[in-house]
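Only one chain is shown below, in structure tokens, and it's the form predicted alone.
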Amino acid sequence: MSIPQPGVFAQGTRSHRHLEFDLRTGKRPDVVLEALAGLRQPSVSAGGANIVVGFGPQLWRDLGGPAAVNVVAEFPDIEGVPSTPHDLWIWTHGTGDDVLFDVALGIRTRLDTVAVVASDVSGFVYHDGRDLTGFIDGTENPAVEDAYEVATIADGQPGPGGSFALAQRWVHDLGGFHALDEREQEEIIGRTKADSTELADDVKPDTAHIARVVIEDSDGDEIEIYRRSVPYGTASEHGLFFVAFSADPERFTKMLGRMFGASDDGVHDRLTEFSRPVSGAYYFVPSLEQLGETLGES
């Protein structure tokens, strides 16, 4: 059985760091592997931090050749959803900002000769797992014991134990959102603010966030993804660094399409009036075995 990178599922960490890299001009794709190899099993907790490594579609294709084509997903073209592809995404999360600073600095130093930092975002757990809007985040997440099946590719399929990741940075208009009364806020989200109870169907608008992202397949089963998002930011700019994992990237595309009016009904998620994405990329997160093989580790 293929083993996913354990940092995808590690719980209880309150500090997060997301680094996105682009290869330096003229550098061959294989040189990044030499730099990454020094991380030594990067998904295993080291020094109080977990490290998860994801590869952009083009880099993974270049590294894996024809065999990688079946596990490459390109970001969709949806109006209002920016596509900002990068070659490499490294997510580290752990016990505190001081530990993550040291880890992030070490990663950047190791990769500095072959890749440049395109994005560096620090995130944090807000209160009891709430978004900055004040609503509990991730209520629809599968239970941890079910998350492996939702997030990772099954054995017998191309890329077993691997996962597709969606990484987006959203900027919130908290002033506008908090100017609304609590009932209107709840209608935008589709849940109560205090305890995240879903609103009744006859009360919940079609434009509510969960009405747009909770999707069922033809058999009536919910199409699930595994979210690991955290708030980020300063007093002047803040929002959500949205991260989700899935065995099938088409789930992300369907959800984004329904949020931004690209589905058959043309309805927009009203939450997009108060939060807008400013980045977006798909990454492939290989299993520990495939990552080790790619990095040439024994």
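All residue numbers are counted from 1 along the displayed sequence. The structure displayed is predicted, hence computed values, not measured ones.
This protein has a second form, the form predicted together with a small molecule, left out of what is shown; the following refers to that one.
A single residue from the set 199, 147, 174, 136 has any heavy atom within 4.5 angstroms of the small molecule in the model of the complex; that residue is 136. This chain lacks the partner; the member of 36, 59, 271, 230 within 4.5 angstroms of the small molecule in the model of the complex by a non-hydrogen atom is 271. Among residues of the shown chain, residue 252 is one whose heavy atoms approach the small molecule to within 4.5 Å in the model of the complex. Contact check for residue 103: every heavy atom lies farther than 4.5 Å from the small molecule in the model of the complex.
For the chain shown alone, residue 131 is a contact residue for the small molecule in the model of the complex, at least one non-hydrogen atom being within 4.5 angstroms. The closest heavy atom approach of residue 209 to the small molecule in the model of the complex falls within 4.5 Å. With the partner omitted here, the stretch from 149-157, 219-227, 118-126, 92-100 that lies within 4.5 Å of the small molecule by heavy atoms in the model of the complex is 219-227. Contact check at 4.5 Å (heavy atoms) against the small molecule in the model of the complex: all three of 168, 242 and 256 pass.
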